[in-house]
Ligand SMILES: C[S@@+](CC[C@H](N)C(=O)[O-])C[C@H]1O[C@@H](n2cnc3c(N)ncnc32)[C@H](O)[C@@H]1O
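Just one chain is shown here, as structure tokens, and it is the form predicted on its own.
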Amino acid sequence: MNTPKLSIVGVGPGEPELITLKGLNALTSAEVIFTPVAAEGKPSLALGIVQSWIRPHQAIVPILIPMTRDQVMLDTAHQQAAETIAQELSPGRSGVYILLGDPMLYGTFTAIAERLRSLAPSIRQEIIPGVTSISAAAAATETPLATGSERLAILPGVREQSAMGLMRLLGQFRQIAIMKAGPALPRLMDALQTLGLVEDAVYVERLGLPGELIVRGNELTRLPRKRRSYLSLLLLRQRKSRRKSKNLWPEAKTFPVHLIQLQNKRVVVVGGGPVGERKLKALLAAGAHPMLISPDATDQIQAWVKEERVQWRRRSYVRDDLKGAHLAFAATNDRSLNATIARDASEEGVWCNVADDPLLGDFHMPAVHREDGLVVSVGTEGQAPARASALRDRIAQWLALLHEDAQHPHHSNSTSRHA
């Protein structure tokens, strides 16, 4: 039997010669070429890249993938795309679905793949990787993406547009590639200038296509502050000397407050280990009724759950856990998960405390001593929690001596000695 086959081919960022040999062989041997378009009648960039290799007998079938965030509209388009592909390949023909860059990096086909498998399981799918715009831009600008054991962060420009978001990432990564940077460029530039990182940035637009633009460093400040092409990216390779500079981070200033009425607030703690237990203990002392998100929990936490003092969702964290929350505490033993929680909280407008990296959060937890009618808190702006605890304990001892002197005035000299 002639089994239908669909090859999903990444044709690269724009330069025709960057298509892989395997991708070219699949393209030239296919009977049907599926090409995504953003709107009816609009030309396909991917098709333009491979146009010189198209044969007259090959059928060209546009696949409408609208540029929208409306999930209902996108779901409808993806379902229609799967139905169109299944219908065209039903006689057992071979086809290719071409797209810019690499199919597995923000590719338009990933949302179609499962629908097509469900609709037409007989169609064999094959992914053929392509050169990513990140790799091509790094090569064109001679910007190393990562060397040795360095880490690289890849993110869409629509997500991290604030100085705080970039600072959080720069605390973990020396290199960042921001895809689809053009539409968010005004706010991204604000963030880079706030951090003093414009000199470290390279902006690339429509690489390998008509209108190609490469702008480096301070030249970026001369670009008009307006939305630019969707086909763009920003490479940020932070210099080691600048990374060590204290000027990269704004001065850590705190505004001490004592939160009240926590029993009426939604407070979420992620992590049921010893750190999460300490956070919960402090929250319970403040009258809160916290929600714990964790697959497991310490014995003490489970005792609080049985006493109905703590609610427990016994599973892993998902972003929806922060919906409607006022405060969040990232207290897991996974640094990357804590960073994810901090990022999600920032986007949801939720204040977040990160146990293992104070700079990632919005507030610190001071060392606290409580007595009847008195709350003493000691903070070190998140830099030295052990020192804060030691100072709190010394203050608590001094207060105990004050209390003892008040009860036994004839021992009053002891206070002055210890004070």
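Residue indices: 1-based, along the sequence shown. Computed from a prediction, not measured in an experiment: that's the story for all the values here.
This protein has a second form, the form predicted together with the named molecule, left out of what is shown; the following refers to that one.
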Completion exercise
Note: the named molecule not shown here; in the predicted bound form, the stretch from 319 to 327, 302 to 310, 103 to 111, 256 to 264 having heavy atoms within 4.5 Å of it is 103 to 111
Fill in the blank from the handout: The one residue among 204, 201, 270, 342 placing a heavy atom within 4.5 Å of the named molecule in the predicted bound form is 204
Practice task
Identify, from the list 291, 179, 192, 286, the residue with a heavy atom within 4.5 Å of the named molecule in the predicted bound form.
Solution key: 179
Problem - Contact of residue 209 with the named molecule in the predicted bound form (heavy atom, 4.5 Å) - result: yes
Exercise for the section: Verify the contact flag for residue 13: yes if a non-hydrogen atom of it lies within 4.5 Å of a non-hydrogen atom of the named molecule in the predicted bound form, no if not. Expected result: yes
Problem - Contact flag, residue 133 vs the named molecule in the predicted bound form, heavy atom cut 4.5 Å - result: yes
Exercise for the section: Check whether residue 233 has any heavy atom within 4.5 Å of a heavy atom of the named molecule in the predicted bound form, and answer yes or no. Expected result: yes
